[in-house]
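Coming up is one lone chain in structure tokens, specifically the form predicted on its own.
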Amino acid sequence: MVMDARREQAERLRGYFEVQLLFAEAMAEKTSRPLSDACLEVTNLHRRLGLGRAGGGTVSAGWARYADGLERRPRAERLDWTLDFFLETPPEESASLRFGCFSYEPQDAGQVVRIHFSNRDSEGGQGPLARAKAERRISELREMFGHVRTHHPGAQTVRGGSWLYNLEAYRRLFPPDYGASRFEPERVRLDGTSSWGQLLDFRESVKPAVRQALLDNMRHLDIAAPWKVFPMRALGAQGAVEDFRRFYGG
């Protein structure tokens, strides 16, 4: 049963993996670097393949095996190799402490709280940001910031970074000043979902219009700022923890 579910997920993600490989191929061609290096830098395959966050300058044994297979295969076989590898690996690592669709990461010795969002609510055939589910999301945030208050009393600042800050449906879940603070960062990492997440709907299927827009934009790919070809730019936001506590009544 577990393997059947994994196979179904792999088929849903086929188009998602395909676009990421095309993106990495374009970067590799422009930079004359190995494809696997480009995948590590500008896709979230390392996480999606259950290998966690890449970093530290040394690749894991799992990634080394995937990269070797990727480099040895002809272009037509790379997607199937990626899907086969996906089937062999455990699910993508998740936050150990989650509040519905939200989680947080303490940074800077606990003075900063970085918030993360993932789709974990497709109930009723609606996405997690549907207006009918807004109170559910706010309840999750209220619980999360209660946890922050208890376990990180020195936290002063809340930060986030995602394509989702383009959406009023997402911004309305937060204090108004936080949503209004959104800005375009100088650099955006592409090894997570802050940009790549916009390609998937709440059913984990690729959005055709977003896919096509990204492929069209790739003709203007700038290797110094590859994130700029995404239809919606990843935006940053920052606010005071106290504003969140007041907003959620904590």
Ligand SMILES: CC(C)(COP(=O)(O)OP(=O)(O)OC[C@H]1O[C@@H](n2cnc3c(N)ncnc32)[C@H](O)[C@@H]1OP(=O)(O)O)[C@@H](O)C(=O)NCCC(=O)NCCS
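Just count from 1 along the sequence shown to find any residue number. All values derive from a computational prediction rather than experimental measurement.
Not pictured, yet referred to below: the form predicted in complex with the ligand.
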- Task: Pick the stretch from 67-75, 164-172, 80-88, 150-158 whose residues have a heavy atom within 4.5 Å of the ligand in the model of the complex.
- Result: 164-172
- Item | Any non-hydrogen atom of residue 43 within 4.5 angstroms of the ligand in the model of the complex | no
- Examine residue 240 and determine whether its closest non-hydrogen atom to the ligand in the model of the complex is within 4.5 angstroms. no
- Message: With a cut-off of 4.5 Å between heavy atoms, is residue 232 one of the residues that contacts the ligand in the model of the complex?
- Response: yes
- Interface membership of residue 201, the ligand in the model of the complex, 4.5 Å heavy atom rule: yes
- Check each of 146, 110, 179, 127 and return the one that places a heavy atom within 4.5 angstroms of the ligand in the model of the complex. 127
- Looking in the model of the complex, is the ligand within 4.5 angstroms of a heavy atom from every one of 9, 12 and 62? no
